[in-house]
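First, one chain by itself in C-alpha cells, the form predicted alone.
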C-alpha cells in the first residue's frame, strides 16, 4: 500500500515543560496519561511521545517505574507506535534520561541533537501563584540553565539503545543540530531514514517565523536528501500555523500538550485529542491523508509493537 501523501501525526502527551498550574487539562497521573494517549490515538495520532510525572505533584519523573505504570496499558489500548523520551527534563543527567528507553526498548525514542539555553523563566510572570512549591523555582532556574546534550551524551544514548531496534525522533532546536545529526550519520552511528523533528519557538532555539521553518527544511534537504522524514513542532500559539506549513511542504506534524496548551487564541485545549483533531482537519483540508500507525511504521522503518519490552 502506498504511503505517498500520508502525514504522520505525533502527539506529545504531557512533556516536562508545562507545570500543573498552567492548565487543569495537563495529564499528570498514570490514569490521565493513559486516557490522554489513547484518546489522541483514536483522534488520529500514529505516534505517541511520552513522558512521566509524579502523580502527586506533577513533577517530571524519568524513572522506569513511573513509565511502567502506563506503558502496558497504552499498548493494550491502541496500536499507535510509542515514543519514549530520552530528553526527560533539562535538569537530569543523561544516564537518568536514557533509562526508560533502555529498559522498555520502544519503537521510537526522542534524542535531542545539541545543547541549548532552555528558557522557561519568562512564563513565571503569567501566574499570580502556583499550585505546587516546586513550579516557580523550576521555571525561574532556567534563566541560568543550559540543556546539555554534548556529542558524548548523544553517542551514549545511541550506543545504549543500539541493539534494541529502537529508532529515533531526532529533535533539532536549531540549524546546528542538523549538522550534528549529519556528523553522526557520517560516522555511521545513525541509519536512514532519519526522523527529523524540527522544534520552533522555545526560548534558546530557532524562532517561529515562516522563513525559520523554510530554512530548517532547506538545510535538512541539502544535508540528507531522500534519507530523512521531516516533522515539525511549534511551541505555544505557533503550533498549528507551523504544522500547516509543514504539511503544505510535504512534512509531518507534532502536536500535544507538551508543546502547547492551546486550542485557539485564549482557549485552553481540553485534551490532546482536541489538538490532534484540529491538525487533522488542516491536513485533510490540504487534500492529504493522515497516516495510520502501520503506515507510519513503514515510512519510518520501525520494528513493530510486538518487539518492544513492555
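Positions refer to the first chain, counted from 1. On a predicted model such as this, the values are computed, not experimentally measured, just so you know.
What comes next is about the form predicted in complex with a small molecule, which is not displayed.
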Open item on the list: Heavy atoms within 4.5 Å of the small molecule in the predicted complex: which stretch in 67-75, 171-179, 218-226, 121-129 meets that?
Closed with: 171-179
Open item on the list: Contact with the small molecule in the predicted complex for residue 101, defined as at least one heavy atom pair within 4.5 Å: yes or no?
Closed with: no
- [ ] Flag residue 205 as yes or no: does it have a non-hydrogen atom within 4.5 angstroms of any non-hydrogen atom of the small molecule in the predicted complex?
- [x] no
Task: 4.5 Å heavy atom contact, residue 199 and the small molecule in the predicted complex - done: yes
- [ ] Please run the contact check for residue 142 against the small molecule in the predicted complex: heavy atoms, 4.5 angstroms, yes or no?
- [x] no
- [ ] Could you tell me if all three of 51, 85 and 254 have a heavy atom no more than 4.5 Å from the small molecule in the predicted complex?
- [x] yes
